[in-house]
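Okay, so here's just one chain, in structure tokens, the form predicted on its own.
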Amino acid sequence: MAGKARPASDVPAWLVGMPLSYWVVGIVLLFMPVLANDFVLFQILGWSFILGMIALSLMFLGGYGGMVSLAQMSIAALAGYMVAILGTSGVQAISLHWPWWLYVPVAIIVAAIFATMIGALAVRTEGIYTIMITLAIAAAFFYFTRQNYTIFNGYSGFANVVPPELFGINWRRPIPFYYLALFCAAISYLVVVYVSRSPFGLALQGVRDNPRRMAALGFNVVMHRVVAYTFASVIAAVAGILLVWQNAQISPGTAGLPAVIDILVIAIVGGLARPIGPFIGALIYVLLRTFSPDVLLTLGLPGDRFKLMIGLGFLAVVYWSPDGVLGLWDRWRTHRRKAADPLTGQGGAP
């Protein structure tokens, strides 16, 4: 009937139930171009969104599936390479100059197929063996791209890889690129939250906790894990496309072993328990990566040792809170509630 109010049940409960702080942060991010300069928008926040999405794909596998994959950066880099190879770049002899509406989905599909193959191998192992298989694949991908000149242009990679100018907008300008990265990061976050509460997500968490019981109940444990790899790869692939557009180039170093480990550090520092954790970890990482050289130079130390500060920060967070920064935040809130009301620990009436 026209004019009839929409029932409240039509609004997803997971969206309505988001904390008020999340909405406040969302509004602040929406109006951030009014508050921040181009460097903060493009280099700090834009890069944080991209790394946060790649770490989010790892968080989905580790937090909900109990599978730690070190190949997520390789998956993202493969999508970036596909954009350079299928689209337009400075290497005219290799790039195929496809239109954006064709090479973007093909890049994501190729990355998803690659991730599915990785998952099909990795899900049949557990613990350290899963980590070692995915690490070996990441190392193999790095060396293959560096030594292959026919497809990946070897050590040099591809330069002048820029996003298409849609609607007359240069999407590599700081403000348009910021909103593009923010939109993709927000969609990725919301999709992960939704999937984690869907039947598939709940079944995946059941597989994580007790795979034998889930198999006895009739669930295909292997298939759920492989599909989780495929789903996570789509998020990593979109981030990889944004990364190559932001840097306007891609080379084997994009998926080098240091970058692979950085994604693991970002996910753990932020926290594997909730989807917001990887973005917090990414922001911390980018801030340290950007400003720690200046701090080291001020202290009279070589500025190229910024990895030392990142490593020390990682050790501190893991030592004090295995759940990352979010774990420290939860402990602090619990301590405040207990201090406010020792009997109930809730700071109010029981």
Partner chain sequence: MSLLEARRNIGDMLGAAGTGNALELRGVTRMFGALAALTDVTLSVKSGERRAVLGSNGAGKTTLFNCVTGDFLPTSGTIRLFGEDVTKFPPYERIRRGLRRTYQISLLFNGLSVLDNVYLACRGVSRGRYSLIRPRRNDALMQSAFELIEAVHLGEVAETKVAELSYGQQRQLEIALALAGAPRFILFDEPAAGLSPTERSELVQILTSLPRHIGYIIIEHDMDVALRVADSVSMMHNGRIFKEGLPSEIENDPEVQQLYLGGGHG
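Numbering follows the first chain given and starts at 1. For clarity, every value in this text was computed on a predicted model and none was experimentally measured.
Note that the form predicted together with its partner chain isn't included here; everything after this is about it.
Asks: Choose from 186-194, 145-153, 267-275, 172-180 the stretch whose residues reach within 4.5 Å of its partner chain in the model of the complex, heavy atoms counted.
Replies: Stretch with heavy atoms near the partner: 186-194.
Asks: Heavy atom within 4.5 Å of its partner chain in the model of the complex: which of Ala215, Ala140, Leu102, Leu166?
Replies: The residue in contact is Ala215.
Asks: Of the residues Leu96, Ile113, Met223, Met132, which one places a heavy atom within 4.5 Å of its partner chain in the model of the complex?
Replies: The residue from Leu96, Ile113, Met223, Met132 that makes the contact is Met223.
Asks: Does its partner chain come within 4.5 Å of any heavy atom of Trp245 in the model of the complex?
Replies: Trp245: no contact with its partner chain in the model of the complex.
Asks: Applying a 4.5 Å heavy atom distance criterion, does Ser198 contact its partner chain in the model of the complex?
Replies: Because a heavy atom of Ser198 falls inside 4.5 Å of its partner chain in the model of the complex, the answer is yes.
Asks: Are any of the heavy atoms in Leu202 no more than 4.5 Å from a heavy atom of its partner chain in the model of the complex?
Replies: Yes, Leu202 sits close enough to its partner chain in the model of the complex that at least one of its heavy atoms falls within 4.5 Å.
Asks: Examine Phe231 and determine whether its closest non-hydrogen atom to its partner chain in the model of the complex is within 4.5 angstroms.
Replies: It does: once its partner chain is placed as it appears in the model of the complex, Phe231 has a heavy atom within 4.5 Å of it.
Asks: Three residues, Ser321, Gly327 and Trp332; all within 4.5 Å of its partner chain in the model of the complex via heavy atoms?
Replies: Not one of the three qualifies.
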